[in-house]
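As a starting point, one isolated chain is supplied in structure tokens, in the form predicted on its own.
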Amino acid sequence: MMDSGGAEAESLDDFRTRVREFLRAEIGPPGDSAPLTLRNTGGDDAEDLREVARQRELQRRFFDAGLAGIAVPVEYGGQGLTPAHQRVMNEEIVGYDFAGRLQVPNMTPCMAVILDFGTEEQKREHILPILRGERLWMQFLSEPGAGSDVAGALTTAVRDGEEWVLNGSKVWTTGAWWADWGLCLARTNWDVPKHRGLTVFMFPIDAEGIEVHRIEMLNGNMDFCQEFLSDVRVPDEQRLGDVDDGWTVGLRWMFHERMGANSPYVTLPADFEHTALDGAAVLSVVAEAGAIDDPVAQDRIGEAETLHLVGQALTRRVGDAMQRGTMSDQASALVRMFVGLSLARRNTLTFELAGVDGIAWTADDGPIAFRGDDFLMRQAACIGGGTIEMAANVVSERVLGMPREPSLDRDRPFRDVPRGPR
């Protein structure tokens, strides 16, 4: 096997052996807080910050062992291997600790977008610190008045010499309060249709003029944030892509976001889900609730396992087809839509099977604990990373080739598009 530079690349078998030996010798089982979830586990801010610091150190150990940035080019600090090597890594890491909070959106879409559109200077400045765990990125994309309509961004960037002055607000940024840098979509031209007046910028989250406010969810989780940008000055050298061509960057950005855990830049166990709800997990809830002989409960266990298996198979099939070029990048919306609906359904049926103990529980209630929380938060799977309604539009228009929906703002200058009262 040859890499892109013509050198002999490590075979998959040799790579698997190297990964296995490292994991067995250096890495233990995952900690309880390793994955980032929407649950409120009762920990305080100091505990969360200690966990983030621990995962930064863990990421550095993988980097030092030559096991970070597996599919990232060598010139930017990666290993220069293939997506197949990353899949081997994800298979072998099952049951071991991993830097879950440093994967999405840090490695993708943020690092992936920098690799796609960054200048040589930008890539050499930012990619290596990301791979080492030294620099954690978040995406400043959604806005209070334009969540799924990304192109409707109202955050403005006005040029002032060799700098840009940004004003506006971004929202639903998971983990912004403990991250370092942000990737931000802003409006730079109001006199063209909305898709053609956008530009992408990069800046440190602790820059002057940025306020990060945390949002308390209905279950008490406070990882989501809203950011207020007031006269934030960003050097032009921190612009990503061409002025007013941010939608070109944005399309690829949203592709990487929909790929999520399926990206060749992400190290997550092959069986990973933020909410692990396969048939075995539902079976444990049913057993705890004493309903193991109930035919309806048995049917629900089978449904959960079927949804879990179909999601895994669909993810592999679409990912492989996109890598081979037999499916468009837009096909990632198929996975996004199915996974969102599937998780919402599995959280619902598991809550129903938990019975009254799913409404009130204690920490020692075993598999039934937190099922009420998961039910209340079930729609998050259909919203985060782009709503399933937007994914359905992508599937219908860009995968199946169906006619586009009418749009009254498509050819109008954005400043003339009617909006609600300020």
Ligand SMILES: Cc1cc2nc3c(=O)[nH]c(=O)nc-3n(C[C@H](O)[C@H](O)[C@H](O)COP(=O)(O)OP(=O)(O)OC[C@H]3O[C@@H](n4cnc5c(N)ncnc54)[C@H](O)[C@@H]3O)c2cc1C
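No experiment lies behind these values; they were computed from the predicted model shown. So that there is no doubt, residue numbering starts at 1 and follows the sequence shown.
We do not show the form predicted together with the ligand, though everything after this point is about it.
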Next on the checklist: Which residue, 369, 52, 383, 395, is the contact with the ligand in the predicted bound form, using a 4.5 Å heavy atom cutoff?
Outcome noted: 383
Item to check | in the predicted bound form, the one of 76, 203, 224, 272 near the ligand [non-hydrogen atom within 4.5 angstroms] | outcome: 224
Checklist entry - Candidate spot 148, 171 and 174, all three in 4.5 Å heavy atom range of the ligand in the predicted bound form? => result yes
Checklist entry - Even though the ligand is not shown here, does residue 57 get within 4.5 Å of it in the predicted bound form, heavy atoms only? => result no
Checklist entry - Might residue 389 be said to contact the ligand in the predicted bound form, defining contact as any heavy atom within 4.5 Å? => result yes
Checklist entry - Does residue 139 reach the ligand in the predicted bound form, with heavy atoms at most 4.5 Å apart? => result yes
Checklist entry - Even though the ligand is not shown here, does residue 405 get within 4.5 Å of it in the predicted bound form, heavy atoms only? => result yes
Next on the checklist: At 4.5 Å between heavy atoms, only one of the stretches 65-73, 22-30, 375-383, 353-361 reaches the ligand in the predicted bound form; which one is it?
Outcome noted: 375-383
